[in-house]
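Single chain ahead, written as structure tokens, the form predicted on its own.
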């Protein structure tokens, strides 16, 4: 196991069989997991120092035309509380965030059919005009290449679109009403052609997923050389078909984060809200596995609970914009500090 970790840490890749062995070893042996995490932390510190980038998250809409089996925003969830922020409300979130020091805004939402290219262009242009020095990240699901290109020209820099699973059968079981994995990957390729910094990723522990599936995910993200990687544990939502399933394994999540740090040393990897939700120490554990980004919430406080991809989402305290001081204390307790810069990916 030590040889496998050292091989990764020295900048080399592992084949599927050895990745499978390593992930199994991390689940079964805490010492193996710790060795892997320590190697990932060394690599992250070599690349980024002790600063943790903060991104201001604005959850723009809880409406979604997709019907993913695990997501509380799925269109079939009739109990979901829906909302849409207006353009002015989004700009007000950015105004507050900019004053707090944020230099990256993430506009995230369900696949809301009312969000036309023209409307999104206007919002992005207003943000870019008011704050020319910020990075604008979008996470708005599958759109056409023409749409991606228009939003890129309007001023967006980055786009987060998790691939969800590199296995077509598992993908189909989680997204029965979608156009399939092939279309999702075509969207990711279109984003790359449009000049975005692109984020991929998946959940750990969703129903039907095996370690060999995670290995395929790791190899796919490495092959695509994505600039951002989002990995978090599956957390069930009671109003979905997977609502009674157990949550994903934190150890396996941390192992996957660490492996991706070693495979993509310069990638921007968040310590996800899902980790912070599943464990009080989850955010710190992600950082101590090689993550280098956190995303405090800039959304209006009255809508945060309505954006419920899963239940009991961490939102207040150091997960909310109001808790930046608490977040900084939390980071300093483990030897890090907030970095408010854009934190652009540099090849």
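Residue numbers count along the first chain shown, from 1. Only a predicted model underlies this, so the values are computations on that prediction, with no experimental measurement involved.
What comes next is about the form predicted together with a small molecule, which is not displayed.
Peer 1: If we define contact as a non-hydrogen atom of the residue within 4.5 angstroms of the partner, is residue 309 a contact of the small molecule in the predicted complex?
Peer 2: Yes.
Peer 1: Is residue 105 a contact residue for the small molecule in the predicted complex, using a 4.5 Å heavy atom cut-off?
Peer 2: Residue 105: no, not in contact with the small molecule in the predicted complex.
Peer 1: Any chance residue 155 has a heavy atom within 4.5 Å of the small molecule in the predicted complex?
Peer 2: Residue 155: no contact with the small molecule in the predicted complex.
Peer 1: Examine residue 164 and determine whether its closest non-hydrogen atom to the small molecule in the predicted complex is within 4.5 angstroms.
Peer 2: It does: once the small molecule is placed as it appears in the predicted complex, residue 164 has a heavy atom within 4.5 Å of it.
Peer 1: Where does the small molecule sit in the predicted complex: which of 226-234, 260-268, 212-220, 113-121, heavy atoms within 4.5 Å?
Peer 2: Selected range: 226-234.
Peer 1: Does the small molecule come within 4.5 Å of a heavy atom in each of 70, 139 and 203 in the predicted complex?
Peer 2: Per the other structure, all of 70, 139 and 203 touch the small molecule.
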